[in-house]
Ligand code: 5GP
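Shown below, as structure tokens, is a lone chain in the form predicted on its own; questions about how it binds or moves come after it.
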Amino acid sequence: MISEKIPFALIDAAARLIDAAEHIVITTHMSPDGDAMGSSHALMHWLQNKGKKAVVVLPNAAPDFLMWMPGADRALLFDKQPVEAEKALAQAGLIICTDFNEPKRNGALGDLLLASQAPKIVIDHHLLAPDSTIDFAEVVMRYPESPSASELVYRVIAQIEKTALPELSIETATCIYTGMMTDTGNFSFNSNFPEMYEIIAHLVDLGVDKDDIYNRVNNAWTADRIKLVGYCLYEKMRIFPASHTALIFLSSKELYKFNFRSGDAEGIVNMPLQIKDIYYSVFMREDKVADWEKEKAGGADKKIKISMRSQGDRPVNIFCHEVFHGGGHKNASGGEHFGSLTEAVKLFLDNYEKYFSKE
């Protein structure tokens, strides 16, 4: 079933580290999305079912529309529970990092991650920035061709269990499916792989209610979030027809007007791609610089979070990396700019034509 197998040496090394550890911490990136939550919590449930004392430690909270996921309410939030989170890391005999490959993506937890003497495993599907290394981990399973970290977790479990169709608890299966669904835009991009649907079929056979998961993730919006989307599309969207590009940008003042909460901007960047002949979409929003970012921010008190999406064979990850110090998948990437929203928009306007195809 699984044609792209992770090398046995990596699976064997990971299995030995898991067997040797009693306390295991699973962590993921800042502002965890569906794949981050799905991959980390799936591992937590699987490890607990093997008798391990496993806990998820998050840099900060996930959006409300993901908090129904099994075990999400038990995750330790470093920004809210620093003492408990640090204790968990201090006790860890193993740390597993899912859906990220650079400690800086782990936010304020990154320094603790690097300081820990516990062995580490990385399970990730993002490109590695040219100026980065992942030598902080003993075992690295990084496959950018994989549609999601959650699918990689399924494959790791299957190979450790030595079966193509592993027996998973409904909690584990639900988390894996949620991560796979959300990181492919409900299977609308980066999802043209037959084996993905073999995995989905197995998860549904195990009892996953895919319709319920879709409803919980996509039909749980607040009225404020609906109004924010309307404002973005009617008032803020700029179209550049020659480059088949759309741009939306929001200040913190505008976000405040709509009682913005974490997760409210999720999916907005995808919407302009529904317009005929729009192949690139860019979304920017103003945010505060966190305490742990101040040195990196170089004195700036604002940062701009940038998301990009594209269609077909039109990459956005190179632009994100070279202009906004980020990266990601070919069709779904992100970056950031420490400074004003005006500066970030100007950076985009000065550079996008060099990267975005006019065909």
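Numbering starts at 1 and runs along the sequence shown. Bear in mind the structure is a predicted one, so any value in this text is a computation, not a measurement.
Another form, the form predicted in complex with the named molecule, is not on view; read the next lines as being about it.
Participant: Here the chain is shown alone; which of V323, A332, A61, A297 has a heavy atom within 4.5 Å of the named molecule in the predicted complex?
Facilitator: The residue from V323, A332, A61, A297 that makes the contact is A332.
Participant: Name the residue from E171, E102, E286, E138 that puts a heavy atom within 4.5 Å of the named molecule in the predicted complex.
Facilitator: Comparing distances to the named molecule in the predicted complex, the residue within 4.5 Å is E102.
Participant: Spot the stretch among 65 to 73, 287 to 295, 42 to 50, 300 to 308 with residues whose non-hydrogen atoms come within 4.5 Å of the named molecule in the predicted complex.
Facilitator: Among the listed stretches, the partner-contacting one is 300 to 308.
Participant: Does G328 make contact with the named molecule in the predicted complex, using a 4.5 Å heavy atom cut-off?
Facilitator: Output for G328 is yes: heavy atoms within 4.5 Å of the named molecule.
Participant: Quick one: does K120 come within 4.5 Å of the named molecule in the predicted complex, counting heavy atoms only?
Facilitator: Looking in the predicted complex, residue contacts with the named molecule do not include K120, since no heavy atom lies within 4.5 Å.
Participant: I'd like to know whether H126 contacts the named molecule in the predicted complex, with contact meaning heavy atoms within 4.5 angstroms.
Facilitator: H126: contacts the named molecule in the predicted complex.
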